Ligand SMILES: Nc1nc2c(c(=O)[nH]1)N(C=O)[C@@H](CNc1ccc(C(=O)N[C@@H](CCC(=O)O)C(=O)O)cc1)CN2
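Okay, so here's just one chain, in structure tokens, the form predicted on its own.
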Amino acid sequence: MALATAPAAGAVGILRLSGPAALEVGRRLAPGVPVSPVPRHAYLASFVDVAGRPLDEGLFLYFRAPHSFTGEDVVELQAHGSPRLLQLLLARVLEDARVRPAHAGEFTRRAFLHGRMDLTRAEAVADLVAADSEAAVRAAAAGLSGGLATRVRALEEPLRALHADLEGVLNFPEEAEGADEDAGPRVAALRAEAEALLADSGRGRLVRRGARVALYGPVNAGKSTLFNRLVGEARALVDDEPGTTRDVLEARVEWNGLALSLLDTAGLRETPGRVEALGIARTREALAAVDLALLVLPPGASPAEAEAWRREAGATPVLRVAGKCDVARPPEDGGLPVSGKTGEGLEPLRAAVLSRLWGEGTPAAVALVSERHADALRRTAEALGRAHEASRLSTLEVLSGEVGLALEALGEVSGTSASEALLDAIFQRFCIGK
């Protein structure tokens, strides 16, 4: 039992019960509902206290197992959204010894355990609740519809069949003779599919958490003016004096449905003051942690200077931007011409940033992938890589063992080999009532 709506004042507050006693307990609050209510039918009911006095009037809905979200009998009481009223209704329900408060994510966990959805779809529920951009909403909805589950199943089913064939040859060589003859090509095809799925995982994680893009470069290159223009408001101080920006400023925007965090950083130069030097140190820390760095160059920057500043980003991908193009036009190889002052070149810059982050396609077209998914997919691909080597150079026992490891790792994504500890860790991040 739990509230399925936020514990704050609102038009509607929903109390959800799941389990074999849900209907009986729910009718104690709404005695006017028939003993055998029609499933999925909304009854207008009076909710009463222990003395039979009315507390509220709302809707009573009954979902009979297994045709409910959790796969169990479910009752939802839709009352008015008064926090105090909902507390009274909760206390009334908890008077029954068969009822206890639900844990975080317990309703969705029961749906998974009763086979109503696989683990990828269960996690998509939490992703949809937490989505903070259009791309994240659409990708989570695709996951809830089985987008990621379909791709995982297309890899898991032939992988399981291959493992069964290999184990059959090892344990029953006469009955399963020849079942391993095409093991090499089958492993190679499965490895390619696992690596393709892993390659997409980076984009899925980018949708989940949003991309981080830092503007950096020498002092007085127009970074803060450009930052303000991209954000749409004057967030950063702008002045002709070098070293105005002393810290990393961050602002959230959404482009083409993708959430981005833009960072304005302190300009780089060799002889800064003490406070400015601290800002430059933070710039270098930020550059190591973003998905893309925009190197904003001032007019007249030489190729050697540009290369020196590019090296400051280390392994982070860099997109060169020629700032203050309203003052001086850059050479053809000087980067994208942009003016934060006039707004010239902003749309090509946005398009270039999204292209560098995504390549082809749109953010909404990818499946959301968590760090957990990515780690499991990496281990799957690595095990299949070792299996491919074993198919040529080693024994059948080693080949079957590596295929088994790949299957176990992939099962952590679908849930077919998820441990209780793993399920606990996953569902603890859900909100209570979902």
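Because the structure is predicted, anything quoted here is derived from the model rather than measured. The first residue of the shown sequence is 1; numbering continues from there.
The form predicted in complex with this ligand exists for this protein as well; it is not shown, and the discussion that follows is about that form.
Going by heavy atom distances of 4.5 angstroms or less, which of 138, 116, 191, 151 would be at the interface with this ligand in the predicted bound form? Exactly one residue meets the criterion: 116.
Name the residue from 67, 372, 378, 28 that puts a heavy atom within 4.5 Å of this ligand in the predicted bound form. Looking at the other structure, the residue within range turns out to be 67.
Would 16, 40 and 76 all count as contacting this ligand in the predicted bound form, using a 4.5 Å heavy atom cut-off? Yes, the whole candidate spot contacts this ligand.
This ligand isn't shown here, but in the predicted bound form, which of 392-400, 29-37, 379-387, 58-66 has heavy atoms within 4.5 Å of it? After filtering at 4.5 Å, what remains is 58-66.
Sequence order please: the residues of 398-434 with a heavy atom within 4.5 Å of this ligand in the predicted bound form. Only 434 sits within 4.5 Å of the partner.
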